[in-house]
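Here we start with a single chain on its own, the form predicted on its own, put down as structure tokens.
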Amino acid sequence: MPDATLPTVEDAVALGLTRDEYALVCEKLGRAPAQVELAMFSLMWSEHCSYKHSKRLLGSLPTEGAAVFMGPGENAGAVRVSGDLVCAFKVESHNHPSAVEPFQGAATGVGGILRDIFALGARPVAVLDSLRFGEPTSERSRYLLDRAVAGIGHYGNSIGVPTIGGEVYFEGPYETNCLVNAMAMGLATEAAMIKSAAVGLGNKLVLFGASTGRDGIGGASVLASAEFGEDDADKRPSVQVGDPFEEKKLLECSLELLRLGLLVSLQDCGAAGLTSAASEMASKGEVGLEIDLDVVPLREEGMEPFEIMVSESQERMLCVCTPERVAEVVAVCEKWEVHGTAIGTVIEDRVMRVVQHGAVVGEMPVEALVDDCPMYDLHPEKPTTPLYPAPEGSLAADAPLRDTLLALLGSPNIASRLPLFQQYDWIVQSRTVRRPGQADAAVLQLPDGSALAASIDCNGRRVACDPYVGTVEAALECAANLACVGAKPLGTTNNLNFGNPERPEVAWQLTEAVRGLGDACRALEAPIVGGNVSLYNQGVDGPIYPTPVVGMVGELPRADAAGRMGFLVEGDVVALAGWNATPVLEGSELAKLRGDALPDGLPGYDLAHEVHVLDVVREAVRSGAVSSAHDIAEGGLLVAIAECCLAGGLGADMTEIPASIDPLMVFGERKGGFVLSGPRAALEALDVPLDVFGTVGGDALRVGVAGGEAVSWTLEELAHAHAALGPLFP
């Protein structure tokens, strides 16, 4: 390599490596690294790319199942759904970029997860998003919410992929670090799917898509692998800039290249850009790659080798093809007006060799770059003092039942998300059977009349109360949402959003959450097929709530039989089904409104019982035995009933709630409970704990508990309270 001033250990530390890691790099290379090599190691050995604090934990998760077609290790996972169709899906985070520049951070988060899907050969058919912000009373949080939602809508709407569902929570611990997680789904035939391993000595590495610029340099290490501080505004140049119209061309070009059989392998350029895409392809194929930087299409003059190799410019893909196919590949790229350039060759030596102006400027063993990153053991310790302050209360503990329900319906974590979803196109591609607000899960019709359902969920405050139980609840919530539309889980993806894992209390949260996720997914027979870990979501005020977001995909035999949450039939009876234990107020939404501190632990679950209830509810929906189904979540039983009234435009008379239910317990929370409506005989035939206590009808909700005086709310009053978030989206 040409003589140059080599970077120092201080340069390595500035790039995010530790001094010991720099010494290990020198040991692996047998010398000090050159500038481009150090930049590449700093990214590939970053938390974001290597999972060095979580990889050992993730090995405990279940990854095999009857429906699994492609498990962890590729750009996304995939499950078999109908005939020879498979569904590819994955969730990823763009948290730190969104906290710095919310519009582009959220937009490129959508773009990145879509590329993960079509890198497998699947056409993206849906996006769901999972968002967390500080309290909406905060000017910063309102700004982040507004711009992140705008970015999601801009990218998804422009590229023509519907945003069919999602969730948003507002909690104080997300004030510094907002969370923007995006989940995408795609469809392909089994034969059309492709992997990313570079194989075939002498084959050519072709880069196609947008040109390479300086935007996004160091995003994986500067943004995604460190705590936030007061200089975050200076990190804006590390945020990628997206162009959905360029990605639409890239999508169609990729699928045409695959349809014509021109490619050996395909990989998207995401975090760490060319560095990660190329080195991971080489690692999976057990080969080496030589890359010529002189032919990489650049959008800026004078870019240094390290800038080209680590740029995270968006809308780029890498593929491998045989030498005789290069001209055909480039011709298809020209048709779609995307750059198509052969930039490298598959070589026998298992190295990443970077060449410029005919000279080698970097050469690193593939194993050292990808496989030999040091893995760290966590040192979990349960904290002995509370990690999070009590929330500021806004509701008196003795507030009457009538006021309490209205306050809960208008609380930021329960109020209608329709003003948010109205900024998204949820029906483009004409597959959407159940859209936001109609059912607990989104539903997409498949060509044979069957359907896919999807849900994404996690209540970080509940996980903060009890990382194990709270994560079990997140998985149960997703499965319950699927059951309410008649869908059986096929597979699961997850995004583990946590604070600094080097701190024992955060390590404990992460360890317990992964244990809970594994136990729940094994019980639900919904294996993990892929996911993402986002750590160091922590600032000067402490860590975020631990937020292991769970995304789940299920199938149902008939799209036209998909369930709804709203009451549909006047005269139907209403029942509470499923609960085998009393819900609790601790850790609930009502407790937050009252300003109660988080409890140290939550009641556990009998997972066998929960699975049985899910099976019964799912079959009742599929068979048409029930008219509506809605799971009980934030706010408890009475909030769930009010949501059923609002979704269906019908009131209900609940004056038969049994005396065994304490008045306060109608706001207690616990997974596994459902509000069902339908004919009395059909409901009473269900093999689950059941209380029938109401009738659908009228234009008001009337409730009487334990023989007390009935309280009523008109549907208009309930709707007004539920629309509290509307002013945030003028």
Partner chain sequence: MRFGVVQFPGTCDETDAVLACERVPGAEAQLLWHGDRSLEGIDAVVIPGGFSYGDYLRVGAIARFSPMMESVVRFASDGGVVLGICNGFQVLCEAGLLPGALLPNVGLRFVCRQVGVEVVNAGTPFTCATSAGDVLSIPVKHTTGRYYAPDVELERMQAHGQIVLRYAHDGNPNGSSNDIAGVTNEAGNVMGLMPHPEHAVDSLTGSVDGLTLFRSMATRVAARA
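Residue numbers count along the first chain shown, from 1. Owing to the predicted nature of the structure, the values given are computational and were not obtained by experimental measurement.
Only in words, not in the display: the form predicted in complex with the partner chain, which the text now covers.
Interface membership of F245, defined by any non-hydrogen atom within 4.5 Å of the partner chain in the predicted complex, is confirmed. The closest heavy atom approach of T384 to the partner chain in the predicted complex falls outside 4.5 Å. The closest heavy atom approach of A331 to the partner chain in the predicted complex falls outside 4.5 Å. Residue contact with the partner chain in the predicted complex: K335 places a heavy atom within 4.5 Å of it. Residues of just one listed stretch (522 to 530, 300 to 308, 159 to 167, 86 to 94) have heavy atoms within 4.5 Å of the partner chain in the predicted complex: 159 to 167. R435 is the sole member of H609, K195, R435, R503 with a non-hydrogen atom lying within 4.5 angstroms of the partner chain in the predicted complex. Between the partner chain and the residues F103, W426, Y388, Y468, the one pair within 4.5 Å by heavy atoms in the predicted complex involves W426.
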